[in-house]
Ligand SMILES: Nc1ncnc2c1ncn2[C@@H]1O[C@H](COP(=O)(O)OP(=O)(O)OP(=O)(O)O)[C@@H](O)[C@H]1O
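Here you get one chain, nothing else, as structure tokens; it is the form predicted alone.
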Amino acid sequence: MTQKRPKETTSSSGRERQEASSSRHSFVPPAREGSLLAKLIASHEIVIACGPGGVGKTTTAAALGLMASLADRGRVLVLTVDPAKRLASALGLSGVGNEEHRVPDDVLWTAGLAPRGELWVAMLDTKESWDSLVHRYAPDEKTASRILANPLYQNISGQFVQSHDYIAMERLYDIHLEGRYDLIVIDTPPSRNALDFLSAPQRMADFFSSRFLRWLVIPYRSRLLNIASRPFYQVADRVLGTQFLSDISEFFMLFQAMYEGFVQRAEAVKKLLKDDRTTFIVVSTLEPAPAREAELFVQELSRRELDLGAVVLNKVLPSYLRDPHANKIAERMRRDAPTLAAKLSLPVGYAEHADRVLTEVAESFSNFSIVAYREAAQKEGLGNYSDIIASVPFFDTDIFDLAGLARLGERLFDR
């Protein structure tokens, strides 16, 4: 745990401003002592929000970071990937790259929040991160300049070898190594496969030591093509041009020069993921496809001996949909809709419409009830993997500001 900085003293005018602000806005206190998720966050230095795409990982990570800063975890950093535009603006991320920025206390007070620690935010910039890696791992500045100037590198550095996944892990390691934050909450990149980022460091190491890479760089090194490969290069020369092939060969040759640095860092990242100070929070909804992927994810965490701290379930249907009495009422309303409609004091001809409305409302409730029971079974299944299951309901509006993040955080911390 990094040492916390001494708290800055607050001037009398600052105290007056804070007191006036708290009287106008709702004060969000720390989570209650019994919140298991709050205790989990308080006992770790790195929290990795992961899981299927499109289930609210970014918003969940931001809410966890915000609540930790309100509970005075010292300096808290939320490293996010692709927040919604309005949420990015609320967090002060508009136009921000890898550099961390502090959310001003005034902004928090305006949102009705009482900051006790410091909330910092950064948004992953893949291109900027790759450029930094090149400068770090290249054997000399001349090699780094040649890589950065290579046309192929310039075109694909943002998409190279699942780069979002790898860069997220690299950036996390860098920031943690600097030791400037008491807590880092990272939002993992959206991937077709939620497991991609776990394998990213090893895939990168494997790539730099692969036969495929060595095969590509041989022509550039020796300028001698064997008989088997010559027809391919003759056709490629005509289709793509000699300069394009030269750019490819140079690109891979120069990258191979950074092999040792990448492999060493990949090993260090894997150790950090297994460190006792690191925990994973799997975020999902209870829809069938995301729930299945989340279950595979928690199984993979166990297989890799990584710590599953909690499971967060977003957009969960309310429990009253599983109330047997409510379901009986819905069934009776559907069955007796014509009789109930006839008893209503309605203008002539309206009873038929009332019958239809009552029937559809009852059937809709029953359909939602079926889904709610299915969700409960899926939630119980995920509960076999973690002692901490946090459920978040549907919200009436999208979460796009700090006040919305606080509302989400209150539900996550079970207040």
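Position 1 is the first residue in the sequence shown; the rest follow in order. Model, not experiment: these values are computed from the prediction.
One more form of this protein, predicted in complex with the ligand, exists but is not displayed; see below.
Proximity of Arg116 to the ligand in the model of the complex: non-hydrogen atoms within 4.5 Å are absent; the residue sits far from the partner. A residue is said to contact a partner when one of its heavy atoms sits within 4.5 Å of a partner heavy atom; Lys315 meets this definition for the ligand in the model of the complex. None of the heavy atoms of Leu402 is located within 4.5 Å of the ligand in the model of the complex. Contact between Leu70 and the ligand in the model of the complex is not found at the 4.5 Å heavy atom cutoff. Screening Ala362, Val55, Val47, Ala38 for any heavy atom within 4.5 Å of the ligand in the model of the complex leaves a single hit, Val55. Screening 103 to 111, 116 to 124, 260 to 268, 307 to 315 for residues having heavy atoms within 4.5 Å of the ligand in the model of the complex returns a single hit, 307 to 315. Shown without its partner, the chain has Val392, Pro393, Phe394, Phe395, Thr397, Asp398, Ile399, Leu408 in segment 387 to 409 as residues with a non-hydrogen atom within 4.5 angstroms of the ligand in the model of the complex.
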